[in-house]
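What follows is a single chain, given as structure tokens, in the form predicted on its own.
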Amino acid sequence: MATSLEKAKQNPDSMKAKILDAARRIFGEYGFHGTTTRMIAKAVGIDISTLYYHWGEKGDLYEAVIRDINDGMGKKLEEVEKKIKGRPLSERLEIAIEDMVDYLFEHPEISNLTLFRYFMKTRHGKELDVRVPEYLSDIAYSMGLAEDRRNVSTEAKMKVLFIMNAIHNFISGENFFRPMMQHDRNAYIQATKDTLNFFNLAAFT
């Protein structure tokens, strides 16, 4: 039997999918503890009973959001890995930064929830959470920093973590940083890529 998340993905126009989309945005903005089901219901334009009918309690909906994020990240990383495989390290870095920055700017809730989880400690009580940093070994392998994704050194993982944390901070801090730079959004995104490439290409190559 299909799960609620599977049903939402199968029918993007369904009420389940609309609630899931709103929940991603609101959990991403306020974290698990700062979000209420009433906030999500209001964003969708439904009453609270409709939300509970489709998703159950807040914790159930949060878990669905995290699973949805993890599924999307996993697919994106596989896509990037196929694109960069066999290329020189400098090209792998440029392509990976380009693709991942675009993807994460399109889905800022991923960066926001990652920072909530790991730095602000506003955590949901269960073990399930955003797995972005847990993808370190896969990313390190894709970038050519390890010969075996099952045996990645701490040094390689830390290098990947440095890149990912930098991306998350640029994205999550956009509303604070962008006015300082006096950029429109497209210029800010390009500046983020240029800055990441400037530091990472020199450091890695």
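Residue positions are given as counts along the sequence shown, with the first one as 1. Model, not experiment: these values are computed from the prediction.
Separately, the form predicted together with the DNA exists; it is not shown, and the next lines address it.
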Looking at 30, 53, 177, 162, which is the one with a non-hydrogen atom within 4.5 Å of the DNA in the model of the complex?
-> 53
Given that the DNA is left out here, which of 37, 137, 70, 172 has a heavy atom within 4.5 Å of it in the model of the complex?
-> 37
Given that the partner is absent here, does residue 151 sit within 4.5 Å of the DNA in the model of the complex, heavy atoms only?
-> no
Distance check, residue 46 to the DNA in the model of the complex, heavy atom within 4.5 Å | yes
Residue 17: touches the DNA in the model of the complex, heavy atom cutoff 4.5 angstroms | no
Do residue 57 and the DNA share at least one heavy atom pair within 4.5 Å in the model of the complex?
-> yes
With the DNA left out here, work out from 62-70, 154-162, 139-147, 38-46 which stretch has heavy atoms within 4.5 Å of it in the model of the complex.
-> 38-46
